[in-house]
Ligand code: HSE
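As structure tokens, one chain now follows by itself in the form predicted on its own.
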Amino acid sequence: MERKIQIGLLGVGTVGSGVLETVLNNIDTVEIKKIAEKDLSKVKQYPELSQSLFTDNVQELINDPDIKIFVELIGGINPAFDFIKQAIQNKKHIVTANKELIAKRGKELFQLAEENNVVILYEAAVAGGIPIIMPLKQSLSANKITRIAGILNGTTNYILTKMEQEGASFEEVLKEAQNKGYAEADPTADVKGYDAGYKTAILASLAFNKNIDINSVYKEGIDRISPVDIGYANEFGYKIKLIGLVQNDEDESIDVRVHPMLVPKDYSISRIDGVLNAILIEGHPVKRVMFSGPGAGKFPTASSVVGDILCLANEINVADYPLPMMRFGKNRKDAKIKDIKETINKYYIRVTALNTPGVIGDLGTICGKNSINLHGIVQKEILEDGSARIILLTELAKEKDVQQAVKDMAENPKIKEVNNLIRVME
């Protein structure tokens, strides 16, 4: 009988436990030889397993020559980077769900893997249970990708959905999300757009086969979105979503960013609500396709991790150079990332102004002076203090011109506050 491929599992937290249970209950072609977990109290969850299966010493996995696949599920940069690096140097293939690590240190690890003729698979790092990496590398490889737009963070999508449905504030819904376990005690990575930024950077690197500097990716979260903005967006035919956007440009730069957007209601991605994720891909010849489903969670993420394990297991001992389509090579170039100030977008701008004659004229003059054409300008209501709430919707304009216009508005004595600026998806 052919011997099962041996794997080493690092971490039995939420995702790790899902991987362990999936392999034990459903998979008979691979075998978990050793599990490393610093919190050995978690071993008590598995009384049916031999306690010798568990260790708190990762080196037992890294140095075991029988272990062919090293599965890292602890997240973060340190010590995950060092563990993976050592495993690669010991000629082990890698499976990980660590989006931060791939986004920040992937270039080094992929080059090291190439030198050691091993492969790094990371399907779970972008969209949990949604298959997107292998489709981009294989099924869609004939396409010239022009744009990717994704809802890549379930926490923020849940918050925006509940704000829309209930008219509640960001702070109220965030607290509810934390109580339900949809948001971390420290939600910064989610609500500030960092988590979606890592995933967007990975998608950009896959779509254009270039190294993406995560520090050059513009990231803006949802913490300034109010029920007022969501209500007006709805009136104008939009829903507000946190979007990871990737698109190429005529000057061969790549536009990579994460921020809230007003998405037209007739776009399929606008109808992705709650904790679900979705990724919209546009290219030639496919035109437009969308992948959607659970972007996180114990078993959805385990589905992608175990899928990667099996993909590798099928190649080991069969191919001398396994999975060439998942290798980037040593000579992959660094991408030129477009500065957010140079991007061109449509905009929603909400201001609070004095309710006096000439205010709307002043706003129009400021926009005209900054080369901004207005699609519409509407005074919505008079507030309790007598000030007026005004909404501007622009045509396509350059970001730096819009930012200058916002600055000019803030300096105008008739304008009390520029409350929000949100880009609009075309």
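These figures come from a predicted structure and were not determined experimentally. From 1 onward, residues are counted along the sequence shown.
Here the subject shifts to the form predicted in complex with the ligand, a form of this protein not shown in this document.
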Residue (of Ala296, Ile133, Met261, Ile145) lying close to the ligand in the predicted bound form, criterion heavy atoms within 4.5 Å:
Ala296
Taking 4.5 Å between heavy atoms as the contact cutoff, choose which of Lys92, Arg257, Lys239, Lys99 touches the ligand in the predicted bound form.
Lys99
Hey, in the predicted bound form, is Ser304 touching the ligand, heavy atoms inside 4.5 Å?
no
Does any part of Thr200 reach within 4.5 Å of the ligand in the predicted bound form? Heavy atoms only, please.
no
Would Asp195 count as touching the ligand in the predicted bound form under a 4.5 Å heavy atom rule?
yes
Taking 4.5 angstroms as the cut-off for heavy atoms, does Gly154 touch the ligand in the predicted bound form?
yes
Since the chain is shown here on its own, which stretch among 109-117, 228-236, 154-162, 214-222 would lie within 4.5 Å of the ligand in the predicted bound form, judged by heavy atoms?
154-162
Those residues of 392-421 which, in the predicted bound form, come within 4.5 Å of the ligand by heavy atom:
none
